[in-house]
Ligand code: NAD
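Heads up, the chain below is alone and in the form predicted on its own; it's given as structure tokens.
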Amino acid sequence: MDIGFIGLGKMGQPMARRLIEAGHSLVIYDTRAEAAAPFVALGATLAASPAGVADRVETVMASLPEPHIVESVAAGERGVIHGKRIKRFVDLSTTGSTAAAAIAAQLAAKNIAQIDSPVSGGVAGAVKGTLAVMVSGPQEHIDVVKDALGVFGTVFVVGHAPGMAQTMKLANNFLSASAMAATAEAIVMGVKAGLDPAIMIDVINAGSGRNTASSGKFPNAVLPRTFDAGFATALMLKDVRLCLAEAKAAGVPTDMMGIVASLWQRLADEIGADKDFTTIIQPVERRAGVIVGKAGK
């Protein structure tokens, strides 16, 4: 099918590439010419603006880093809302349910359906096509795009009201953020006591403490000291903040969320919001006076 794709960043690039490899025809837009060039070489059509994308296709997907950018792309002065052909806007970003509902309302005024479709699984999952793809929106529009979304990974339709998939994504990322923070403290404690961190990870992964941090991020990016999982601290902090705000608005207890948010804020302040989120172990190491590595050195 003909698909518009806006946002060719770390996640957008592999997803757009998978669509082309699956035989879909893309009309693309990104603010950076160098990001778009490889896709033009693969046969994609380059548009001059989000509205230009929406002039050419009925389905527009977007993978963008911040809620305000999504809103601008969707309903801003040069947004897809001004396109002549668009019928549905598929948001692959993480914006939170409040922003999603607001954008959906603006698009609905122009008879454009919004499909919330945030994804989980990181850059590696986007490359391999193993993402968890969370979807909410009108079923008749989901039916049109479900097969295309399936090239990214496993599609889960979680509901039909605007923002429901966003709530699901925030719950997921809060748990991921919590696992990273908790595993960092546990491993540093063990290293301070003389344990080998590689053995610790093996034991944890064979026992009841196993989690997404211990099974993937620590052996692949923390123990080798590469810190290259491909997700910025700023984005994780954004997601945790959105989750905390949504939970508070819903009247849900946020004791753990508040603590986790403060730990990610500390990482952004001390190590840098632009650094990979696996560096969350570094402030813990500094305070403990140890460095975690394959041999505990």
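Quick note: we count residues from 1 along the sequence shown, nothing fancier. Here the structure is a predicted model, which is why all the values come from computation and not from measurement.
Below: the form predicted together with nicotinamide-adenine-dinucleotide (NAD), not depicted.
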Within 4.5 Å, heavy atoms only, one stretch in 87-95, 186-194, 155-163, 141-149 touches nicotinamide-adenine-dinucleotide (NAD) in the predicted bound form. Which? 87-95
Counting non-hydrogen atoms within 4.5 angstroms of nicotinamide-adenine-dinucleotide (NAD) in the predicted bound form, say which of 244, 27, 263, 235 makes the cut. 235
Heavy atom within 4.5 Å of nicotinamide-adenine-dinucleotide (NAD) in the predicted bound form - the one residue of 64, 44, 267, 57 that qualifies: 64
Check, residue by residue, if 17, 130 and 227 all come within 4.5 Å of nicotinamide-adenine-dinucleotide (NAD) in the predicted bound form, counting heavy atoms only. no
Does nicotinamide-adenine-dinucleotide (NAD) get within 4.5 angstroms of any non-hydrogen atom of residue 8 in the predicted bound form? yes
Can any non-hydrogen atom of residue 73 be found within 4.5 angstroms of nicotinamide-adenine-dinucleotide (NAD) in the predicted bound form? yes
Contact of residue 99 with nicotinamide-adenine-dinucleotide (NAD) in the predicted bound form (heavy atom, 4.5 Å): no
Classify residue 221 as contacting or not contacting nicotinamide-adenine-dinucleotide (NAD) in the predicted bound form by the rule of any non-hydrogen atom within 4.5 angstroms, answering yes or no. no
Contact set, 123-162 vs nicotinamide-adenine-dinucleotide (NAD) in the predicted bound form - heavy atom within 4.5 angstroms: 123
